[in-house]
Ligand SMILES: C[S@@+](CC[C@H](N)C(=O)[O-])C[C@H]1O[C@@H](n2cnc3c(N)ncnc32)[C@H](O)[C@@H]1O
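Listed next as structure tokens is one chain, alone, in the form predicted on its own.
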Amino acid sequence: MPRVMKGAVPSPNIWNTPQVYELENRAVDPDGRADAAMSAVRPRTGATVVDIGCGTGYHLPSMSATAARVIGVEPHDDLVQLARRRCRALPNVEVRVGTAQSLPVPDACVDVAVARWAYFFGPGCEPGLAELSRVMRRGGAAFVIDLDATRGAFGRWFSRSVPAYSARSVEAFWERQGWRSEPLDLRMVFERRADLEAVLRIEFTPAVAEQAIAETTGLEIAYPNVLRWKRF
């Protein structure tokens, strides 16, 4: 059984298959559009950055290149160990065990908080939003990147796999919370067809994954996302 902090929200794709999720991380957004969109709102240069739900720490090294300090927070202990191993040569990076609703950092110490496909999926994430209000420094910004289920084949496959998900309810929730949003037209680009198929199989139910594989030709998938942010 995985060692996971109490209160953690399960993330089956990375928790159960971190090696395949690593392939997905490598494939997503080769154009750097997500980072560019966040930097346009609040650059990371010289900042204290927290990556919420950092998983194996894939994004921590790139964050550390310009940030003064980077803290990865992850509730799954096995993933924490992988993230620490990945970043052990980076003196300005630290990985801590914690959850979004109980961040292991002091009050008003964070300039930039980022959550990619982790925890902040709409209604029910209010405890995590309260934590952001506690830890964010004046002038800072928090970002949430999530799949846009209203667009493209990827959104259709997701909606079929998670029929209880209501994109309209999620969007209304974020508007009520005072967050801004903009579409992110990302893509996944793979080196091997087998890697593409493996990723689709961890993202969707078996039947939907096989349909997605059949519909996808080549090594590229359009991946519509949405960037949400709030200034503090």
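Predicted, not measured: the structure shown is a model, and the values here were computed from it. Numbers follow the displayed sequence, beginning with 1.
Omitted here: the form predicted in complex with the ligand. The next part is about that form.
Chemist: Select, from the options 88 to 96, 136 to 144, 116 to 124, 156 to 164, the stretch whose residues sit within 4.5 angstroms of the ligand in the predicted bound form by heavy atom distance.
Modeler: Going through the listed ranges, the match is 116 to 124.
Chemist: Would you confirm whether the three residues S39, P61 and V112 all fall within 4.5 Å of the ligand in the predicted bound form, going by non-hydrogen atoms?
Modeler: Contact check failed for every one of S39, P61 and V112.
Chemist: Hey, in the predicted bound form, is A83 touching the ligand, heavy atoms inside 4.5 Å?
Modeler: Residue-level check for A83: no, no contact with the ligand.
Chemist: Please run the contact check for Q101 against the ligand in the predicted bound form: heavy atoms, 4.5 angstroms, yes or no?
Modeler: Taking the distances in the predicted bound form, the answer for Q101 is yes, it comes within 4.5 Å of the ligand.
Chemist: Is there any non-hydrogen atom of V50 lying within 4.5 Å of the ligand in the predicted bound form?
Modeler: Taking the distances in the predicted bound form, the answer for V50 is no, it never comes within 4.5 Å of the ligand.
Chemist: Could you tell me if L227 has a non-hydrogen atom within 4.5 Å of the ligand in the predicted bound form?
Modeler: No, no contact at 4.5 Å.
Chemist: Scan A209, V20, L219, V9 and let me know which has any heavy atom within 4.5 Å of the ligand in the predicted bound form.
Modeler: It is V9.
Chemist: With the partner left out here, which residues of 133 to 160 have a non-hydrogen atom within 4.5 Å of the ligand in the predicted bound form?
Modeler: Residues within 4.5 Å: none.
Chemist: Which is it in the predicted bound form for the CA atoms of F121 and R160, closer or farther than here, knowing they shift by 3 Å or more?
Modeler: Here the pair is closer than in the predicted bound form; there, farther apart.
Chemist: How does the CA gap of G128 and F121 change in the predicted bound form versus this form, closer or farther, if it moves 3 angstroms or more?
Modeler: Between the C-alphas of F121 and G128, the gap narrows in the predicted bound form (3 Å or more compared with this form).
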